[in-house]
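In the form predicted alone, a lone chain appears below as structure tokens.
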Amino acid sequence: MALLRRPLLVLLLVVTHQFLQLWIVFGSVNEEGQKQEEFFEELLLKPLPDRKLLTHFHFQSSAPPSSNGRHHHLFPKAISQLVQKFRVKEMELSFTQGRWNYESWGGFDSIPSSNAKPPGVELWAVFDVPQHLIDALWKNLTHTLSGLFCASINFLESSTAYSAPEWSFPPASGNLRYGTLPREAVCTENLTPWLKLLPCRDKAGISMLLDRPSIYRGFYHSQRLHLTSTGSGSEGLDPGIILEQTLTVVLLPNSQRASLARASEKHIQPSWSLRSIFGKEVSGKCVLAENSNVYLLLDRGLVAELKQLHKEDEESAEKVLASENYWTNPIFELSAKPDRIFIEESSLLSKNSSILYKFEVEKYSESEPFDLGLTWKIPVVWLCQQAPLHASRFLMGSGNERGAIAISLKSTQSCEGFTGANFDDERCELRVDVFQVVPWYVKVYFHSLQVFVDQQPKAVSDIIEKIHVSPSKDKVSPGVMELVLKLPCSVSSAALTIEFDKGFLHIDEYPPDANQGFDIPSAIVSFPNFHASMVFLENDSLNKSPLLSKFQEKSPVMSYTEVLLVPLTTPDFSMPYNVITITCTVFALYFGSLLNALRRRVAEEERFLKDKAAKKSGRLPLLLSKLSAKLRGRHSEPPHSTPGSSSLVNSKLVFKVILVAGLAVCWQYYFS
């Protein structure tokens, strides 16, 4: 009978397990059959010109307004509660290590414009509350995010650490707060809470590839969280909360060619596969995901170079690039056959089109895992498309008293024409927005602003169309500068300089590593008339892919400058230690001498010394002295100290006490 019960018990457990999976998958469907909560996971792979590989993980979870405050099947409840409690309309949080190389990795497509972030922590949020409640909600939000992601985001609660941009930082809104922590270190303690927001975490699906050593070994990595909250109940609106999680990593693949014999082979791109990069393979999609896809993107510059290497005319070459058999060709070879191939529509800025290969992960399993690999056969050299102007920032001056900040803009000449500028027969202008936040201890003189175009000084009113300045207040708020520049389309270089004085801090306001210097956050340079987007041919699968839909959105081209390190005058932090040491030494000498003089007994000490000397001399002299005393008929008496010696000792004792007391009185009078 027991043998018959075991198969029934096992069958019951299996059926229960399958039912729970189906309930989780379809539990987000309401009674009317309308889908409520959805989850998508996608991965984008893109070869870079400097022998590196860009890996971009994209996860998106969505929930309608009706499910706020209730039990969630897929959407993280912590994010839903955060949006409800702090009335967050839109928020973005990023943890970044390294700096995006705009010259080598490009700055005109959607990835650098939306996912290239400054080093450290960047947080901005838009609140749906009146103005007088924003600062209080911002402080509570920073504390909540600090505990949620195990970071020092709570340092942004101080009014000296955040600002309120007016119009230069997208999204421009009066209820916006922006803050950065350039020196915040990024480690696995921040990645683990980020992964816990995923339904499958890193146990299944594409997130299985998130190997910690591989990620933090890269040249650049940035984990980003962006959420959008819309109104509730209205028809035609997007879901109430959309949570977008991205992880952008730039890695150097382990090249299978350890040594290249010929000099002409130095440009051969390293061959790679998912297993060689992350040490793992994808054994299927996450059960809770609607779509699980991997994309391989060949950008416009690479496609143009491949056309030249194919030695065919452009039309036939493009057809070959998009053909089903092009995944294995004389130039490169893919280890897996793509399921779909998308071609970008030609833009006005470039005659070339990007090509996107799509691989569906749901067709693979543990017995047949997915491991995409790319093998290059011949050298390929290309350049990524750049922004109209390359922005950089540096310090000028010397010493610990004054200095200047310079922002340099150099033409990349990557665009065939400034289509986003205002064309006119007489004048063509290029608009550039600059947003700069300076800490309060760097006292900027905004009247010293100077503009140089093509190394020639220009009047500020001729170049700057609009300016908004918020001067800093000591220990209250930082300085904010927002500029709108109108540069001629033929400009080759431009520069902005502004002078500043270095302030003084209280000793309690210095960080532990004050001698390293103080950071000035990155400046943001954007080009509102230029939009980074990749529009692919119309297809039903594009509407189901949040990543491809994101690429088709017109986002303004934006770039971050370097973080500046400003040395300030620092006190001698060893001086308190020296004062404490010498003070304790003097007090020890004073009280030690005083107690020694007060507690010493001179007579007993002399008697003790004589007895000790007698013991050292031996018993024979003592016996002889006693024998001579008996012969003379006298008693043997121990030697006594003379009155003169005792009076001398007493006078020395009194002198020591008076001397120590006098020193103590002088010390007290001098320091009072």
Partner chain sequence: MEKLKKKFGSFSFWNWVIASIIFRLILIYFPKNLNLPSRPEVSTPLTSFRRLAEGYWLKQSSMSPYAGQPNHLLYSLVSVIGDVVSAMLIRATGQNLQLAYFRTLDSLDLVKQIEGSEVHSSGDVAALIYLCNPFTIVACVGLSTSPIENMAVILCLYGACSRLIPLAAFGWVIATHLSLYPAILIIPVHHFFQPPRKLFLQRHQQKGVLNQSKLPPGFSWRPIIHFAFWALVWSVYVLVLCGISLKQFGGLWEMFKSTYGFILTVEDLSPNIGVLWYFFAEVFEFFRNFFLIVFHVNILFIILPLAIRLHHRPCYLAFVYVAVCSMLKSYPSVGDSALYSGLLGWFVNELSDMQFSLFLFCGYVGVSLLSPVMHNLWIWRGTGNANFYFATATVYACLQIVLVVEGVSAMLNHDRKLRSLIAGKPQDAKS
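Superpose the two forms; the largest set of C-alphas matching within 1.5 Å is the rigid core. None of the values given here were measured: they were computed from a predicted structure. Numbering follows the first chain given and starts at 1.
Below, we refer to the form predicted together with its partner chain, which is not included among the displayed structures.
In the predicted complex, E366 stays away from its partner chain, with no heavy atom inside 4.5 Å. Residue contact check for E499: one or more of its heavy atoms lie within 4.5 Å of its partner chain in the predicted complex. With a 4.5 Å cutoff on heavy atoms, D508 counts as touching its partner chain in the predicted complex. In the predicted complex, at least one heavy atom of V444 sits within 4.5 Å of its partner chain.
Proximity to its partner chain in the predicted complex, defined as a heavy atom within 4.5 Å, singles out one entry of K85, K77, R600, K544, which is R600. Out of the listed residues I343, L594, A185, A136, L594 is the one that sits within 4.5 Å of its partner chain in the predicted complex by at least one heavy atom. Residues of just one listed stretch (103 to 111, 144 to 152, 90 to 98, 499 to 507) have heavy atoms within 4.5 Å of its partner chain in the predicted complex: 499 to 507. Along 571 to 587, these residues reach a heavy atom to within 4.5 Å of its partner chain in the predicted complex: P571, D572, M575, P576, Y577, V579, I580, I582, T583, C584, V586, F587. Relative to the superposed core, S574 undergoes a Cα shift of 2 Å or more between this form and the one not shown.
Core-superposed comparison between this form and the one not shown: the Cα of T585 travels 2 Å or more.
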